[in-house]
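Heads up, the chain below is alone and in the form predicted alone; it's given as C-alpha cells.
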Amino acid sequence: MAITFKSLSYIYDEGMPYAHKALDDINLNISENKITAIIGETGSGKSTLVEHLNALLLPSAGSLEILDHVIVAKEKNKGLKKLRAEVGLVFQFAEYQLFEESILKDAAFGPKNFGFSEEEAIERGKKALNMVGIPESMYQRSPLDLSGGQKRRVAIAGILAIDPKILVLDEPTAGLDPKGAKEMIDLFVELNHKHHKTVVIVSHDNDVVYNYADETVLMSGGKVAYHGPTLDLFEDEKLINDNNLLLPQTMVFKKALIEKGFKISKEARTMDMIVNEVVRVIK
C-alpha cells in the first residue's frame, strides 16, 4: 500500500476550550498506482486527511505510513523534507502556491529548493510546464497575470517538476469550465497511467469521481464511512442517501437508458463508454 493510516486522529487547537476533533480513529489503506477520490460533505475531514499526506499536519494520535516514511503522533519525526519531495500537494486555490516573478521561475522553484542545480531545476520546470500544456512563449509572464485554469496548471507544474511519487489534488476542477476541467482530469489520468503516479483527488464533483476514480474514500464526521471501488459506492442507495450525495449525471443518464430497455454494463461510466454501449445494442 502507498499510504496507511493506523488509528489516526487529529484535533485542531488541542488542549484549548474550543478544540475540535477533525479526524477520529482513521484506519485506511490507499492503494499505490491508482486514482483514489476522497469525498464527503463540507467539514467531514477531507482536507484535514490529505494535509497529513505530506506532513503539513501531524497526527494527534495514531500513525501514518507513506511509502517508506512512518509518522507517529507525539514523536519527533525525521525525514519530512524527503517526504514532501515524494508527495506533491496542490491546493484548491492555485494562487496560494504562485509567488515568483515568472512562470518558469515558479515551476523551477521546487527542484531548486530540494537541492537541484539552477540548470537542472530550469530543465525540470520546462518539462513540467510542457506536461501541463503551458507553451514556451508564456514562460516569462507573471503567474499572477494568468487565468484561473492557467494558474492551476502552473501550480501543478511546480509540483511535477519535483517528480513526486504521489500527487494529491484538492478540488482540482473547481472554478474551471467543462473543457478546462476535462483537460485537467485527462492530465491526471495520463500521469497515473503513463507515469505511474499514485493520484489522490479531493472533490465535490461526483461526475469526476464516478468517471475516473478507481477507488473512493467517503468521509463523514471525521470518520471513514466507505472505502472501496467507486462503482460499488454509487450503487449503494443507503450510503448515497445517508450521506446526502448526488448521483453523477452520467449515472442518472445510464439508469434512464436501462429503464428504457438498453443493456448497459456496470463498467460503462463515462459518456463515451455509455454511447459506445448504446451503439453496440442498436447494431
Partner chain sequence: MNNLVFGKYIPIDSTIHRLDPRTKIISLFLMIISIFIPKNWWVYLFLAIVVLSVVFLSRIRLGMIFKAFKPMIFMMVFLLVINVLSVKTGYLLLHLSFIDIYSDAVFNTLFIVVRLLLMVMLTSCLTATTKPLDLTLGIEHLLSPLKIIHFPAHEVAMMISIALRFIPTIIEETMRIMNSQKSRGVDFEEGSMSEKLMAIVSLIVPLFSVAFERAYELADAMEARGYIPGAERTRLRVLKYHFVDYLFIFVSLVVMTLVILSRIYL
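All values derive from a computational prediction rather than experimental measurement. Numbering follows the first chain given and starts at 1.
From this point on, the text means the form predicted in complex with its partner chain, which you will not see here.
Its partner chain in the predicted complex comes within 4.5 Å of a heavy atom belonging to Lys81. Shown alone here, Glu51 lies within 4.5 Å of its partner chain in the predicted complex, counting heavy atoms only. Proximity of Lys151 to its partner chain in the predicted complex falls within the 4.5 Å heavy atom cutoff. Its partner chain in the predicted complex is approached by Gly110, whose closest heavy atom lies within 4.5 angstroms of it. A heavy atom within 4.5 Å of its partner chain in the predicted complex is found for exactly one of Ala121, Ile166, Met184, Leu98: Leu98. Contact with its partner chain in the predicted complex, judged by any heavy atom within 4.5 Å, is made by just one of Val209, Leu89, Val132, Ile71: Leu89. Contact with its partner chain, judged by heavy atoms within 4.5 Å in the predicted complex, is confined among 173 to 181, 98 to 106, 189 to 197, 122 to 130 to 98 to 106. Interface residues of 141 to 166, taken as those with a heavy atom within 4.5 Å of its partner chain in the predicted complex (partner not displayed): Leu144, Lys151, Gly158, Ile159, Ile162, in sequence order.
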